[in-house]
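First, one chain by itself in structure tokens, the form predicted on its own.
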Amino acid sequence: MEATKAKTHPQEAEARVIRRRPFKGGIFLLRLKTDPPLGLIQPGQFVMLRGEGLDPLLPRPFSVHDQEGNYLDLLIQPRGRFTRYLSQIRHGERLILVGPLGRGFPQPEKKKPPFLLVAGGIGVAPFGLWLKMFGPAPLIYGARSRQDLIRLSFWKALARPLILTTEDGSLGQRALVTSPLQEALKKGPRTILACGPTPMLAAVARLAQETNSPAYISLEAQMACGTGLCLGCAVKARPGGYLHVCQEGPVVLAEEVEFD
């Protein structure tokens, strides 16, 4: 079993803003309508997005949260000039989109350990599409505090069970996501799918290795093209060298990554 390769060729499309829905903590959902429609997107794949002008000059990568026909949902946390611009964008405005790109999460297979999804913060984004496409699975979803846990009714409807953690104990277990993950792995190996901050992914990789559980992690990196031309998204690989998030990832086996 390996990360899912793209089944459709990436294409450039016009993306018109249909809805911008804000959540607590500044995160917002951006619904776009693409023309032409994109093919079927694999959960974990991403799109490159930019405005119609030259500022910013380079597009930015965004994981796909959901897809319905030619509608795409992105979960976005403002971190820079472009994402702050998107946080104020209005209905009907146009963006330029290229995608789908990269390798996504694997899908369930028989005779494999059951799946367990682990998300930290905005890293929960790609699991919306995965759960809708492949059906219920356990989801461990953690953040710093309750205001950073978003779309809880959405996740409760899709995940079985939904386990929440917060660092300050304001909702769910007062713990990091690796705490309930460690408890779950005591019952036997699981196929772990994880997306979140790099320290969380490193901890997930260690737990997976200790329990002989296959783990697929979604990497995040700065990139200018999304297609392997700029080579700006290199991360250290095992046993040496580099892998490029846009082409070998963003979803890779955890054992392939060298965490410092």
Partner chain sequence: MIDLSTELAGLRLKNPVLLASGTWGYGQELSQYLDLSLFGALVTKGISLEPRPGNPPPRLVETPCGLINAIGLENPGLKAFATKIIPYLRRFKVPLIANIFGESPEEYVTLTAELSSLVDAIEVNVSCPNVKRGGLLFGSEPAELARLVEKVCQAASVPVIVKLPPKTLGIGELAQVCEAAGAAALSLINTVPAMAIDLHRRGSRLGVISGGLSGPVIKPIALKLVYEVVKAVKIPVIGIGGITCATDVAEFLILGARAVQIGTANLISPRAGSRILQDLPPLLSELGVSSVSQLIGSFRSE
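Source: prediction; values computed, not measured. Numbering follows the first chain given and starts at 1.
Another form exists, predicted together with its partner chain; not displayed. Remarks below refer to it.
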property	result
Partner-contacting position among 26, 199, 39, 56 - heavy atom within 4.5 Å of its partner chain in the predicted bound form	56
Contact residue in the predicted bound form, chosen from 223, 193, 204, 64 - any heavy atom within 4.5 Å of its partner chain	223
One stretch from 137 to 145, 167 to 175, 98 to 106, 85 to 93 that, in the predicted bound form, holds residues within 4.5 Å of its partner chain by heavy atom	98 to 106
Every residue of 12, 60 and 247 near its partner chain in the predicted bound form, heavy atom within 4.5 Å	yes
Contact label in the predicted bound form: residue 227 to its partner chain, heavy atom within 4.5 Å	yes
Residue contact check: residue 50 to its partner chain in the predicted bound form, 4.5 Å heavy atom	yes
